[in-house]
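Presented as structure tokens, the chain that follows is alone, the form predicted on its own.
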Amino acid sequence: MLVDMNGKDLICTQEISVKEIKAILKLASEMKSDRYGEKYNSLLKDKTFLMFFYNPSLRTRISFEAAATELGGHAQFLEPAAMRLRKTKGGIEVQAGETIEDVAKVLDRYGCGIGIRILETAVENYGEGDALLREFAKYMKIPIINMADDKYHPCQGLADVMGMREHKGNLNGKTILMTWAHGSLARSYCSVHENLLITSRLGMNVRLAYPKGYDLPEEEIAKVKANCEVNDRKFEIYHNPDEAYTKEVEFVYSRNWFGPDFYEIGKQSEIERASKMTNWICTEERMKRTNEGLFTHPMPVDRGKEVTDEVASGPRSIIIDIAENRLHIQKAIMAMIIAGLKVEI
């Protein structure tokens, strides 16, 4: 079957088909094995990919710039704080009389695609970052790629499962433990949501562990549950970290995320609250209870809080492989939705 994603937006993996997910993963693997080959190195020749960064980045910016270069194109870094875009109480607006419609339509004439990164600290309320991407998409003909908003991070989710498949093969029927961890960063939901959504789409059992009071948004959990039901897989919730690590688990994703009242209490209050729950950390002792479980994380890792150094730098950690895969996944996405490359699956 030939998969064609030409011109599509990618805001959340839940909004594309499983066949499209598998096509991206297949192409990314091929690109990884022939990284500098001639087959793909001119797909974006003389084209410019625009990048809006409302929040700073290490992996996202560099991996997208490298991806565009390796496809023969150019990635243009744009920082809204230095432009006519500003944060307001009601969300994101445009100064000097310019509407998002006007900005979107102008940028549509300049680039071949646009990536937008806007996390929870750049908006006043949950969901406003995601809404901004969709507002731009409404007025743009060129494809939009979500480089992480306050709800979703599709490129990270795809990189996660690419790395997991590289190490343990077909993920169908395997189990992932997504566990909350204490930390000093008050992290957003986006990477956690994407991992839960895409792993459940690909037929994995999902085990979610967190202290009471750290429930994830109900609408996203409902999607994960529905995915598991469609695939006849388990969805389980634990409130005790020790009970969650068992022989059924093949992957452990230990990450801090903020509580539902984050936007009311603020970042510092959230950090102070989370830092007291030191028992919620991934350790070697806990990893030994799993089925030769592998440790995964989107990075940056809050070492000593989310996970011990022994685990994060140990032989069962696949975090660097997954970080590398961001580059290959993004090349595959850009090749398919911007260059129009079709993939046989």
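So that there is no doubt, residue numbering starts at 1 and follows the sequence shown. Every value quoted in this text rests on a predicted model; they were computed, and no experiment measured them.
Form predicted together with a small molecule: not shown, discussed below.
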| query | finding |
| --- | --- |
| Every residue of L58, R117 and P298 near the small molecule in the predicted bound form, heavy atom within 4.5 Å | yes |
| Listed residue (Q156, T179, N146, N227) with a non-hydrogen atom within 4.5 angstroms of the small molecule in the predicted bound form | Q156 |
| Non-hydrogen atom contact R326 with the small molecule in the predicted bound form at 4.5 angstroms | yes |
| Which of 278-286, 42-50, 59-67, 310-318 lines the interface with the small molecule in the predicted bound form (heavy atom within 4.5 Å) | 59-67 |
